[in-house]
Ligand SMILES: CC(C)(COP(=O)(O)OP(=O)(O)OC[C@H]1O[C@@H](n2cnc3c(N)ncnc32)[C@H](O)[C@@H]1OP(=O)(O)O)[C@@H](O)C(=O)NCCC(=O)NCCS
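Single chain ahead, by itself, as C-alpha cells, in the form predicted on its own.
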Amino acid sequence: MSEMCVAAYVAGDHLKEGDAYTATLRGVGSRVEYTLVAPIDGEIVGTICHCPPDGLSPAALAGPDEYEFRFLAIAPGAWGAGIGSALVADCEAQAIASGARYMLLSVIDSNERAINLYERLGYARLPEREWSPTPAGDSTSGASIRLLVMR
C-alpha cells in the first residue's frame, strides 16, 4: 500500500524517489487505522486517509467543524477509472456522519489532475491556509513541497 502511494506521486511527477516526503508517504503504519483502500481483484489500487478532528488522526489543518482527507493516491494504471472520486465520496460520507460542516484537503500545487478533480467535486482553494510539510532543501530539487488547501 505504501509503495503504491509513493509510485503514484512519483509517476505523477509530484515527487522524486529520493525526496524526504516519500518517507511520510511510506509511513502508512502510523495512519493505517484511518486509511481506506480501493482493491481491484485483490490488489490495492487506491488509498486515502480520512482525518476526523479527533486529535489522534493525521489531520494537519482540520478545525472543530472540519473533517480532512490526506494522502489520496491511485495506482497509475488505474488513473481515470473513478477510484479517486469514490474514495473522496467515502470520506465525505464519514464527515457527514460525524456532523462536520466542511471537508478540507491538501494537494501538492503541481498536481493539476487532482486539483481539477477536486474542483469538479465542488472544492475551492483557501490560499490563506496553504502550507508546506517540508522545509526548503528537503527534496532532491532543493525546493519545499507547497500544498494548496481546498474546502
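Don't overthink the numbering: it's just position in the shown sequence, from 1. Note that the structure is a prediction, hence the values are computed from the model and not measured.
This protein has a second form, the form predicted together with the named molecule, left out of what is shown; the following refers to that one.
Only one segment in the set 28 to 36, 48 to 56, 91 to 99, 113 to 121 has any non-hydrogen atom within 4.5 angstroms of the named molecule in the predicted bound form, and it is 113 to 121.
Put simply, residue 145 is far from the named molecule in the predicted bound form: not one heavy atom of it is within 4.5 Å. Contact between residue 107 and the named molecule in the predicted bound form is found at the 4.5 Å heavy atom cutoff. Though the partner is left out of this view, residue 14 does reach within 4.5 Å of the named molecule in the predicted bound form, counting heavy atoms only. Contact between residue 82 and the named molecule in the predicted bound form is found at the 4.5 Å heavy atom cutoff. Residues of 8 to 36 lying near the named molecule in the predicted bound form, listed in sequence order, are 8, 9, 14, the criterion being any heavy atom within 4.5 Å.
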